[in-house]
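Have a look below at one chain only, the form predicted alone, in structure tokens format.
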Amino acid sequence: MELPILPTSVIGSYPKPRWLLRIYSLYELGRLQEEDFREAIRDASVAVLREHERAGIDIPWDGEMGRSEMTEHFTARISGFKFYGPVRVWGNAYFNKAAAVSKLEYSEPLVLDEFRWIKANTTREVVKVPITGPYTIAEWSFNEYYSSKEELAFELAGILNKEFKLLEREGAKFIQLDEPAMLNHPDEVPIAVEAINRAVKGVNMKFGLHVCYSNYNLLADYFDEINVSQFALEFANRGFRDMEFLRKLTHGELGFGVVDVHNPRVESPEEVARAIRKVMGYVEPERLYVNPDCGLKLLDRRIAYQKLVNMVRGVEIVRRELKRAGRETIPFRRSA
């Protein structure tokens, strides 16, 4: 399969339509039937998928319309987790932090329904399936059963591996592992790396790894040891500085974060093009994908959409320049 050079994608989350937020509230209050809630999520899923496609994104997703939070969606579906209630994480922000209270078991598919629905409704040949990685789920859960975080993370890796094999059989081509917590504790990075490698073992699919803003020098030391083909990292929120660590990325692809998801200012296409030209000094365009820094869910939906539109327009500027040099397409690589 061939893709246009500098394929564009998203990281995962996207602002939920206001009407869907009201639906969530009604459902949580017990004032909406399960069937109606699920139908609303599916309608929103198609609306956002179309929005991504209309913006010109080559490899879209549905903005995680059926997920309220990035770990709860998974821990709620894995047997052995228990919820005691929401915990405050900062200010007045809460999330439903799970506790591992018995041996964890893969008891039901985690994102299979989402994937089937999006696959049936997209106009694109490839979609990206974002899934929270084993180390981050372990890090952001209470552990009341396993002897260590390492043991918990490896158990989760085995569970995710079963999901990945199921998705592979269903025709999924590209999974993004979200590991925002993997650099939180430098001494535990080897645990996260081993957990990721166990999760992807024996699966013939393209894997990307997304790590949010952090000390990427810690990650760069492991570029050659992590069995993924792409690293999707943030650059816009650091002003495209400190990219020297990319010289260690000698084989894998880079998902280049070119849109700041914490700033409502919409980047111009020319700004996006300048940033891409700059990163091409470190990674050749045949190994570059272009995406926002992170998920766009905290932005106003209108702003999020325009950021995607301008991102694609910026990519098109550079594509025209590359076309003059005869560089127009790249193969869709699955292996690391």
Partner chain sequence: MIVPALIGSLPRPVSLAKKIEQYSIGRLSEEKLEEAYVEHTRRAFVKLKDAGIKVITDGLYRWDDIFNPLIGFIDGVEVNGLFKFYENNFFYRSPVVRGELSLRENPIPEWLNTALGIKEEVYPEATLKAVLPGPVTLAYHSINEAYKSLDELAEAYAGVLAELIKELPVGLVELQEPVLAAELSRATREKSDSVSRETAKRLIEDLSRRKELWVVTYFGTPRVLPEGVIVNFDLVEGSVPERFQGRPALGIVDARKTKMERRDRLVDKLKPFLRRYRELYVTPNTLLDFLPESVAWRKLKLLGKLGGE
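Note that the coordinates shown come from a computational prediction; the quantities given were computed from them, not determined experimentally. Residue numbers count along the first chain shown, from 1.
One more form of this protein should be noted, the form predicted together with its partner chain, which is absent from this view; the next part is about it.
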Heavy atoms, 4.5 Å, its partner chain in the predicted bound form: which of 196-204, 161-169, 235-243, 106-114 makes the cut? Say which one. 235-243
Is residue 147 close enough to touch its partner chain in the predicted bound form, meaning at least one heavy atom pair within 4.5 Å? no
Tell me, yes or no, whether residue 140 is in contact with its partner chain in the predicted bound form, where a contact means a heavy atom of each within 4.5 Å. yes
Given that the partner is absent here, does residue 180 sit within 4.5 Å of its partner chain in the predicted bound form, heavy atoms only? yes
Quick one: does residue 185 come within 4.5 Å of its partner chain in the predicted bound form, counting heavy atoms only? yes
Answer key: of 247, 251, 88, 265, within 4.5 Å of its partner chain in the predicted bound form (heavy atoms) is 88
Which residue, 118, 212, 129, 191, has a heavy atom that falls within 4.5 Å of its partner chain in the predicted bound form? 212
Is any part of 60-74 within 4.5 angstroms of its partner chain in the predicted bound form by a non-hydrogen atom, and which residues would that be? none
